[in-house]
Structure formats: structure tokens, C-alpha cells
Ligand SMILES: Nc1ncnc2c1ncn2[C@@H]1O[C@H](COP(=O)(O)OP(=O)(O)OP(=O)(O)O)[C@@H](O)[C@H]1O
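Only one chain is included here, represented as C-alpha cells and corresponding to the form predicted on its own.
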Amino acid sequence: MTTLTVPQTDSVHAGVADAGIHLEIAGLTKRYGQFTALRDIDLAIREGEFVCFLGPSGCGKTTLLRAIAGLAPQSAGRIVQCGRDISRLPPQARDFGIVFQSYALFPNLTVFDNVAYGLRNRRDERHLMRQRVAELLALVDLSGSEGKYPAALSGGQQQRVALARALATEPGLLLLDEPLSALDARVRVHLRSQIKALQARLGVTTIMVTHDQEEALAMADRIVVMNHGVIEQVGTPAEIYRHPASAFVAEFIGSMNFLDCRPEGGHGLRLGEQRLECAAHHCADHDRVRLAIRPEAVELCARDEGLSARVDHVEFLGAFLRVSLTLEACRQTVTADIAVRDGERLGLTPGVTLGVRLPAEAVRLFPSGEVRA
């Protein structure tokens, strides 16, 4: 997995932080017979915010989006939009536009008629409809495509038509259900920047479902990480990446080293016979814990300056080297991502022994064993 880029400051989206609440979800639960897909979800989304629901398949993220839209009504709990309780309203009575993974364009209608579909349903005047469609197609860089049919468009163009259609009625909330997953990698990267720029320009509150962590980190003001029908963590991309709240979040977002160790005090741990410092933790009552550290935070140095380790493998990844090592103190493996020039300076080759430093501020501990009596 390639190293992910996250915002360099948690204040990148500070303007959104001062906005009012657009959507409030309280105690939302969704059951299908004996199976609970969502359990006691509490979440507040601010006006103009871009939020990503992120998690593996089956975690409940799409179910939560469909509950917000009224397409899969919740079994319990409330949904309030701009102070209006929409918990029991049908989809057509709610204020949202939606873009599906499959685009769901009408194949027998032209681009113009697809975009104008919602406007016709609310009986807008013809000249206003033409004006609105023209504005939207210009907004998504599809001016001149009014007379084309979906089959004549590329996947990326179809997705932009679907986005224009969702925005046509000026909804207060835009819902995106894995809108980029059916596209190839290059188109996906290009389109995600377009969608984010468009959302920022319009200021529309947006929720996007995705299983792609890089997509979420690149686009979201905040990320809601979900697993097994519950929320594991909510935070900015930088918060989620740098300060994961659980081992699941740490492992799911980006690359992470995990090492078995024992806690020692509130800021320490023992790795084999070596005592190391770490960020403050709440694992003192656990007999065994997992040390977590990002590969880019692992430092390589001279043999006598850190934990002794043997180089097992060096992988050239263009902008950096990925180095696999075995720590002699505990016979566990660790991966380090370092600059190419640093690798050349250290003379990295398989079999070489050197030092490894695990900076205290980058080390986090998560429970893995039994709680001490």
C-alpha cells in the first residue's frame, strides 16, 4: 500500500467548524430481522461540510446513507435536518439529491432530459429549466452535450451528468453512494478533485460513502469510520490518520506496523528486554498490548543508536524506499519508509544490521490481551 498524504494541519477546514448543524442523527438503529445493521448511531453534520462514511464492505455505511435518504427507514432513532424531524418522512418529502454508484441515468433520455428530470417533476417553467440545465452542464464541464444519450458518454461523463441531475433542484443535502468506484484509477483521481472543488464552490452539505481510504483522506472535511454497524471514530483526515482511536482504525487507514509488547506505566512499554517511551495510553491494566507506528515514522540510524535490527528486504518505490527489518530484541518485523538518499547513506542491503528508533510521539498502544486482575 502506498504512503497516504493527509492535510498538514487540522485547521484546513476551519471555516466549516463554525457553521451550524445541518443534519443530526440520534440513536439510529436499523434491523433486518435478527440482524442489526446499525446500532445506536449518533452523528452531527455541519452546514456546508463534506463528510465521508468510510469502512469495509458490510460495515453499515451504505445502510446509514439510505436511512438518511428514507430509502431504508431506521428501526429506531431520529434524523433531524435543519431543525425539521424527517425520521418518518418518505424520500420524496426530504431535501436531498443523490448520486448512485451505477449512475442510474435514464438510457432513453438525453443528457438535457436526464438533468431536467427533477425540474420537470416540480413543474418549473421551460425557460428557467433550460437556463438551470445549461448552468449545471457548464458547472460539470459538459456544455454542448445536451442532445447526447448516456450510451455515447464515457463513465466519467455519465457520473458528472448524474451529479448535475442531483444538484438540479438545489437540494440542501447531497448524498453520494460510492460515486467513483466504477471508474478507472486515473479518471477517479481527476473526478474526485472536480467533485470536491464543485462542493466547495456551491457550499452544499455533502455525505459520501466510500471504502477507499485515499479518497476519503483527499476529499473529506471529516471522516466517519464505521465497522460492524457502529462508528469507530469521527475526525478530520489528519486526526484519523495521526491519532486513530482503535486498532481497527489504525489498521484500516494507511499502512501500520503492529508489534506485540507489554505496557509499563502510563507512558511506557517493554519490547522484549527494551523499555521504550510512547504517547500517553490507557492500557496499564492489560497484560499484552499492540504497539502501533506508521512506517514513515520509523527512523533508521547507526547500529549503536537504536534498537538493533537486521535488514530483510529493500523495495524501491520511486519517491521512497520501503525497508523490512527484524528487531533482534523481540524477533518481530517492522517496516520503515525512508527517503532514497537516506537509504544510500546507510548502505541498505539485505543482511545489514543497523539501528531502529521508534519516536515516542509516534507510538500508540492498543489492547490485545487479557485485562490484568
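When you see a residue number, it is the position in the sequence shown, counting from 1. Remember, it's a predicted structure, so these values are computed and weren't measured experimentally.
The same protein also exists as the form predicted together with the named molecule; that form is not shown, yet it is the one meant from here on.
Among L325, I45, C59, L28, the residue placing a heavy atom within 4.5 Å of the named molecule in the model of the complex is C59. Among L346, I338, A37, L307, the residue placing a heavy atom within 4.5 Å of the named molecule in the model of the complex is A37. Under a 4.5 angstroms non-hydrogen atom cutoff, the named molecule in the model of the complex lacks F316 among its neighbouring residues. Residue contact check for E214: none of its heavy atoms lie within 4.5 Å of the named molecule in the model of the complex. A residue is said to contact a partner when one of its heavy atoms sits within 4.5 Å of a partner heavy atom; E296 fails this definition for the named molecule in the model of the complex, lying far away.
Of the heavy atoms in E239, none are within 4.5 Å of the named molecule in the model of the complex. Remark: all three candidate residues (Y32, T63 and E178) come within 4.5 Å of the named molecule in the model of the complex, counting heavy atoms only.
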